[in-house]
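The chain that follows stands alone, in the form predicted on its own, written as structure tokens.
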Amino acid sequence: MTVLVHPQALENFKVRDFQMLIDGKWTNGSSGDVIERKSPGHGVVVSRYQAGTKVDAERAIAAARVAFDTGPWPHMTGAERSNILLKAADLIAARADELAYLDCIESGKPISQAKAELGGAVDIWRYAAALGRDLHGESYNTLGEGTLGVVLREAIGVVSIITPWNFPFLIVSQKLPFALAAGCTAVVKPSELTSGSTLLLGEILMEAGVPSGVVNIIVGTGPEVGAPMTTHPHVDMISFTGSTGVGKLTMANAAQTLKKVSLELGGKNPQIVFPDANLDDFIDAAVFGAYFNAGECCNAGSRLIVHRDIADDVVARIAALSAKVKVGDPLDPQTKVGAIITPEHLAKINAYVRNAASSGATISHGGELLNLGMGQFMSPTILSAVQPEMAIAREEVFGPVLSVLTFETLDDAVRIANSIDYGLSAGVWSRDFDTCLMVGRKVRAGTIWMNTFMDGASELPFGGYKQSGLGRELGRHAVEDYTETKTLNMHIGSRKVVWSVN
């Protein structure tokens, strides 16, 4: 179901101008250039940012370096940092509607989804604040009477945080509060397509009491701003979320100075469905998993691996539900699928669908570019008769496109699931929990959902196998990722002479 975007909505837009945050001050970029962001759902300019350059990145890195080396933040108690993060969480909650609105109009995601993401982000900030009080090392008093070993956990230093456009506020919230809880300072580069909510976060953090220079936020392109953030010798760690291709470049850049790297990259996530599954639950999860955030989601359930005996019925039922999914104005609370991020990305998604059809796949539903009066939209799309070797079954499309493959045995399903370069997440559906556990143990992915899909919690680690990334976000060890360990090996009393000198 599609609904036109109403031109009357344009009357409510006011272009918002943003500056960069460097060393606790809002400032213009060194070039004087400006980036204008058009709403993908409405086709009008909604935000203007200062366009950062290498000079601005270096200023921000210098501020973060000084704040870490000489400022109070790393030396505060865990309780002091935790209290500031808790205040930030409260302020985020108080401004959640404003933040959600910015994410909605800049990314094209439905406003109802953006508000739900803000609720999740608030929980993450509070969880990180709690972990900041529990960060600790180890002691060893079993090394002999004359030896005591203490292992400290110290903040790693300056962290470059680079985030994508598909979940602007949620993903920065999966990184920044944990870095801050550990005592690190940061330079944050949001996507130049969706920087508004992250810049607003800068206002919130200053109000919460984060000292100057601890969090610096600059906007710009990858070559101009992202590159120096990944190569500069004063940066100690990089936390990046984005495409696998850019993740590989980030890792290569970091290798020049052997920085620690955390990468959350792409996915081509399967849902494996056995004949005894609760199909009512599965059909809903399949549609949600494929079309959530218009499929512009690394965790999207974009591959269905369905037992051959039920494949035709599953495709027909998914198509019937897909036809009821509301595509339209992102600002409409009833919208389920909003706009595609850019015209160029829409063309890329469409090319994948056309190529799959020409290679023998069947378009069982959708496959159309939608003219809703303004903005760029695509219909929810189902491709059946997909073969494992096709590009549509192996590459990340990042759009509302679902590929359906079939299997006959459990081993066949696992082989198909593991046959690609990605390993971010997967789902398995069966009333037989032995089947679920066998699949869960054999599929190489960071998260396996059993009889559900795309559930999550701040307590559960998130990350991937293979080319889906390195490291984990969230979970009780997330703060530890932003630390180094230091061993203090202490000798008590006189040291035993090993080399005598005569």
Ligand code: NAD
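Residues carry their position along the shown sequence, with the first being 1. Because the structure is a prediction, the values reported are computed rather than measured.
There is another form of the same protein, the form predicted together with the ligand; it is not shown, and what comes next is about it.
- Residue-level contacts in the predicted complex: of G328, G289, P380, G267, one residue has a heavy atom within 4.5 Å of the ligand, and it is G267.
- The single contact residue among F169, W125, F282, F240, judged by any heavy atom lying within 4.5 Å of the ligand in the predicted complex, is F240.
- For A227, a non-hydrogen atom is located within 4.5 Å of the ligand in the predicted complex, even though that partner is not displayed.
- Among heavy atoms of G222, some come within 4.5 Å of the ligand in the predicted complex.
- Among residues of the shown chain, I272 is not one whose heavy atoms approach the ligand to within 4.5 Å in the predicted complex.
- For the chain shown alone, W165 is a contact residue for the ligand in the predicted complex, at least one non-hydrogen atom being within 4.5 angstroms.
- Only one listed stretch (273-281, 301-309, 94-102, 157-165) carries heavy atoms within 4.5 Å of the ligand in the predicted complex, and that stretch is 157-165.
- Of the residues in 18-43, none comes within 4.5 Å of the ligand in the predicted complex through any heavy atom.
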